[in-house]
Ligand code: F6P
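Here you get one chain, nothing else, as structure tokens; it is the form predicted on its own.
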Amino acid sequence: MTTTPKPQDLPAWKRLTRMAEQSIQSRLSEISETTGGFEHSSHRLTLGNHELMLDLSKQRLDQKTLATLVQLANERGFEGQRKLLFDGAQINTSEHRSALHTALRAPFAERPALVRDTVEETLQRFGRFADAVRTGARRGFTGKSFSDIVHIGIGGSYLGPRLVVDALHAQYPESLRFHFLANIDGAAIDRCLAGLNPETTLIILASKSFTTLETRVNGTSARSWFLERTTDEKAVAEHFVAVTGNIDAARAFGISDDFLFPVWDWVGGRFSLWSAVGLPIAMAIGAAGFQELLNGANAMDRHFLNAPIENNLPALLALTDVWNYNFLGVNNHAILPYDHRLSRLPDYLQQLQMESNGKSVHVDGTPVGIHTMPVIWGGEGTNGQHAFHQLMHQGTRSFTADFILIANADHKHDTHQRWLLASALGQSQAMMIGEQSELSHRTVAGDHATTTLVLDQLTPFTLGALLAMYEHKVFCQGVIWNINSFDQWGVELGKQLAEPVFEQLGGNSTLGQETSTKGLIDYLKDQKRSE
């Protein structure tokens, strides 16, 4: 049997190791100037009527380094792996599944034949349903139009829809109000449902298995809330929607077939906002707006599939990060969107990147022997400048960052927008050049690499393109590291261990528990107040 070489055994990897030793001898600002700066290190991509610009001029990259990173991708068989992704091969090897999220946004004729019709039927059906709710054509059990949408999910069934609705809803000023619930904390559901009228509330349950703990418990409590106020069990069928792969369980919950939408095992949760999981997005921006979101993602898909690596934006992002993480010793990465509408982007990209590539074994199960995904974190500008940027400028930890800017705002406050953009550029400049002072407490070391991404506007199309770009970046990194970016076995263990603890907190014996957890269970039981 042929053994796939480990990444660190490849010629390009060894060459990059030597290059890194040389690179760190120079200041980042010096490298930026000698490589031609912005003119030679920025990439403009026209998609439809929009432009996306990727600036790598504040990265520790010269032409030789970039060429060697491209060589590394070629040695790892990047182009072949990319083709397998779009062809629908079972690249999720541990679960023997395809990863066909790109088929959800492809034109009908470009989808793999196996999923072509079912994707189209579902897209059309949930688009019609969303528009009927928005216009008031579909109403609740008393004949009143819906005013509030409660979306219950967790992980990818929550983060993607919430990000997009928050980012775009203001551009579509219809009357629907959106509420998102993920946390199993009882305080969260109380706050979510407070003040809502069950007659005008539609509740969406998004769970591929329909057994996900948080969604199951929150959904059951929401159902009880609804029935306590309506006393009409038949009305559940007109106020609860399910997006799931477990149709029988959703029917048993009381959901009618007209309110059931499928999600398939070849769509991973963190890649699912393009499916019926995105139902609240379609309700917020309309079926036509949702289609524009898909069109933007598909435009990025085509760029990713066809562009050579050296001009391929997702691939360039991935290779730049591999250079920083594996050769320059960076161990965390900040997502810094300078637009309030994208305030939830760091949370979304945390899951997308760390759940996908937070792995320690190769595809064949052998240890990787190298670092894979670092910690992803961040927050919106300019808030972060008065919170964690102090550590970034004068702390002792290595980091890189993505600055994400929107050139043209959709408001008329020009002074606000200019200050927002100036703040982003000022921060990235300070991270690169720093400042020396005779007073040591005023010295800013600089020499931190950052990337700047600019969208001309924030629209469904451009947001779709942005999110798809990060999806493909994740895939590229997985190819380089030879890991499976599409499973997430690590999230299961804690869930399994919580099940006996739940029973033990309710009074069952703690016999067999290790001493630390047993002590905590006993303490919490002692602290429980009498009802």
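Throughout, we count residues from 1 along the sequence that is shown. Just so it is clear, the model here is predicted, and its values are computed rather than measured.
From this point on, the text means the form predicted together with this ligand, which you will not see here.
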Among 76-84, 313-321, 200-208, 423-431, which stretch sits within 4.5 Å of this ligand in the predicted complex, heavy atoms only? 200-208
Are any of the heavy atoms in T212 no more than 4.5 Å from a heavy atom of this ligand in the predicted complex? yes
Any of the heavy atoms of S157 lying within 4.5 Å of this ligand in the predicted complex? yes
Flag V491 as yes or no: does it have a non-hydrogen atom within 4.5 angstroms of any non-hydrogen atom of this ligand in the predicted complex? yes
Although the partner isn't part of this model, could you tell me whether E355 comes within 4.5 Å of this ligand in the predicted complex, counting any heavy atom of the residue? yes
Name the single residue among Q351, T443, Q417, T93 that comes within 4.5 Å of this ligand in the predicted complex, judging by heavy atoms. Q351
Here the chain is shown alone; which of H40, R44, K495, K64 has a heavy atom within 4.5 Å of this ligand in the predicted complex? K495
Counting only heavy atoms, which residues in 266-297 are within 4.5 Å of this ligand in the predicted complex? G269, R270
